[in-house]
Each structure stands twice: as structure tokens, then as C-alpha cells.
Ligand SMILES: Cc1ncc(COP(=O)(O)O)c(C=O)c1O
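This document opens with one chain alone, in C-alpha cells, the form predicted on its own.
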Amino acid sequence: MSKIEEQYLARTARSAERGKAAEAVMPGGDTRAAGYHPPYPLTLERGEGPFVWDVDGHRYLDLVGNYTSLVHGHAYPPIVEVIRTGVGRGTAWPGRCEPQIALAQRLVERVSSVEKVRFTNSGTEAAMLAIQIARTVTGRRRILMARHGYHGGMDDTETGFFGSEGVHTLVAEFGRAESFEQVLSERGNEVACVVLEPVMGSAGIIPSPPGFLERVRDAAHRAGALFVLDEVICLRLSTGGAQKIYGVEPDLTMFGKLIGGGLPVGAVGGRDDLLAVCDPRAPRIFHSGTFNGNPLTTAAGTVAVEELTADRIDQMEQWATRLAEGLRAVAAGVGLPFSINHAGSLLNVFFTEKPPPATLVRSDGELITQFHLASLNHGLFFAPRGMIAMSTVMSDAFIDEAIERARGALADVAAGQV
């Protein structure tokens, strides 16, 4: 056991205790794979602004915002207010509601490729619906995705996430348009849709290279397949999402995370003729869901989207750049190999001389594990895989403090390597 882990165990006794209680009623004591890490994850009790607190009373600078979903931080007052007002009127109704219409309008206004919107309750459900629409429209079953891309927890997409092809899943290499073009030229008549993240998230915040998305879209259309962009984490990168930055319009777009204002949400947007297969007046797909477009989520989401202005997006990118530069300098100062992937307000750190390609198997696994635990010991909270996301409620002083806390964590990691 490293000194870093010993310190973690010593300062998080209450989290360890609550972990045992969780293990008695949930497999592994958790209900969400992405946030789990050994020896056990923290048990959190509250969040406010850019901070979270654990049950042992420690405050952490939150550098991940519930995996990019809390773009305005925790308990953002305008969102709290609409939820407080709304909850007294009921949490879910058996008909449409004004907040639902308002959020759909905001998405149509902001994202140029979106003419109509259909709500779900998670990004996973959005992926399921987008693929179902594509299969219904094309009469085909297969999907083509990037190896190690993440599009939620359904069999067909998880197969590709883990790097394999499956019964209905084909994979190609992210960033290599010729890889997708080859698959589509050989098996395009089997493919209902190509699904891509403009910036790969779980694989390490990897931006699309210039021209990649356009070439894949064109190849998909030549094959008669739909082109679907997963903007679940990327919508925060501009007022029109990553597709505005890259200048490419998909047939369908998947949304989630920030459009719920901190509550469960998902959505599919796209061309009117494609979303029409869900039209209940003449349905080709019976798409339903008890909580789809519920008033609390859509009211909170409307505020989150409206308040994500271009100026705030630019400010988050500036903070991300400042944090990245600070981390590089500190790592160099303690003699650790270090690199960062950076896309707008999103970062992913690596203990390698340059960032690796999309992969789930990292050569720096031990170092990132120790840095993550050491950072928690120093009051920094980010994803175990090294992903970091800015929020609009941060400040220059917050970034300076994060760099100083990281300095202590990196020094602890370096000391353990001697």
C-alpha cells in the first residue's frame, strides 16, 4: 500500500463506513461504474457552486461537475429557484407542459441542424432512440461507431466502447476517415447509422481532426446511412454545440447532461422528416416514457441552456487553458512525464510524453491512479481517468488554488516514484 493510499484511508473513515453499508445493498457498493475507484469512492453529502463536501467534512474543488453535466456548478441559484417553484406544482404530469416546449425551442434555436426534438431521461436513452429512428428509416440493423467511443449503456454501443464488433455493431478508428470509408464501402448496405462523438469523451477528450467528420458524414450518406452526432458532453463547447465548431450538420443529434440543469435528461434532435417516425398521430415508433420531458427537468434545463452564453463558454475555455498550463509546469517541476488533451472547457491528463490514441488500456495506469487519490487527499475532485470539466461558477482564484493543490498531489506522486 502506498503512502498516498494510506493517507486516503486515514482521512475518509466515514466514507469507508458508508461504503460497507452500500455494499450490503448494491453490487460493489455503487450504482454507477464511471465514478468507482479503489479502495472505495468518497461518499458525498452536498455541493455548492464549484465545491463538494464528503461525509468526513472535507471540502473539494470540483473539477468534473458530475462528468460535465453541471456546467453551472452545484445548486446554481436560478436553477434551484425554478425547481423550488416547480416542485410545489407537481413533479410529473400525464401531458405536455410549458417548460418542455421552452427547452425544445431553445435547442432548435441554438443548434442549426435541429428542427424537432424528442425527450428521453438519459443520454443512453437518447442513443437508443436515435439508433431506433435510423433503423426504422433505413430498414437496416447495424451501427458503425468509433472503437472506444461511448454512447451509453446498451449492448450495441457498449460492444464498440470495449473495442469489439458485435452482432449489430461495426467499429472503425476515430480520427481516420479512411477507416470509416472502408467499412462503409464494404458493408454500407447493412449500416443504419454512423454514430460519432465530435470529441471523444471517455477515451480521453480527443478532438476530431480537421475534415474527419465531414468525410465520415459524406461516406455515410453515400451508403444510405444516417449520420448521428453524440453531443451529450460536447454541447458545452459552443452555443451551437461542437457541430458548429466543426462546421458539420448531422441528420440526428443526441443530447444529455447539461440540458437537464442537473436532473436526469436526454434528447434526440434532428430533421423534421426523421423525427416524424415518432409522431403519435401516425407513429412508426412507439416511443414513450413516464418522465420524458417532465416539468422539473425541462424547467431546470431551460435555465441551464439559456445561461450558457458565448461569453461564459469563452471564459471556461480560458480557465481550462490556464489550468492546463499550470499543471504542465508543476509536473515538469517535479520531473513527471505529463501531457493533456484539451477541447474547450474539457481536459484529460496523462502521465505520458504525449497523449495516447483512443484506448481504455493506459500505459500510465498506476500513475493516474496515484495522482487521482493524491488529488483527493489535497482537496481536488475529478474523474479517476483524469477527465476535468470547467463550470461557469469558477474564478481565476479557483484555478490558482487548483494548481497549488495539484502541486502537492504531484509532489506526492513523484516522491512515490523515487
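We number the residues from 1 along the sequence you see. Worth saying up front: this structure is predicted, and the values here are computed from it rather than measured.
Note that the form predicted in complex with the ligand isn't included here; everything after this is about it.
Stretch-level contact analysis of 229-237, 129-137, 181-189, 323-331 against the ligand in the predicted complex, using heavy atoms and a 4.5 Å limit, identifies 229-237. Only one of 339, 100, 292, 124 comes within 4.5 Å of the ligand in the predicted complex through a heavy atom, and that residue is 124.
Between the options 152, 207, 86, 344, the residue in contact with the ligand in the predicted complex by a heavy atom within 4.5 angstroms is 152. When contacts are judged by a 4.5 Å heavy atom cut-off, residue 197 counts as touching the ligand in the predicted complex. Residue contact with the ligand in the predicted complex: residue 142 places no heavy atom within 4.5 Å of it. The ligand is not shown here, and in the predicted complex it never comes within 4.5 Å of any heavy atom of residue 217.
Contact check for residue 257: a heavy atom falls within 4.5 Å of the ligand in the predicted complex.
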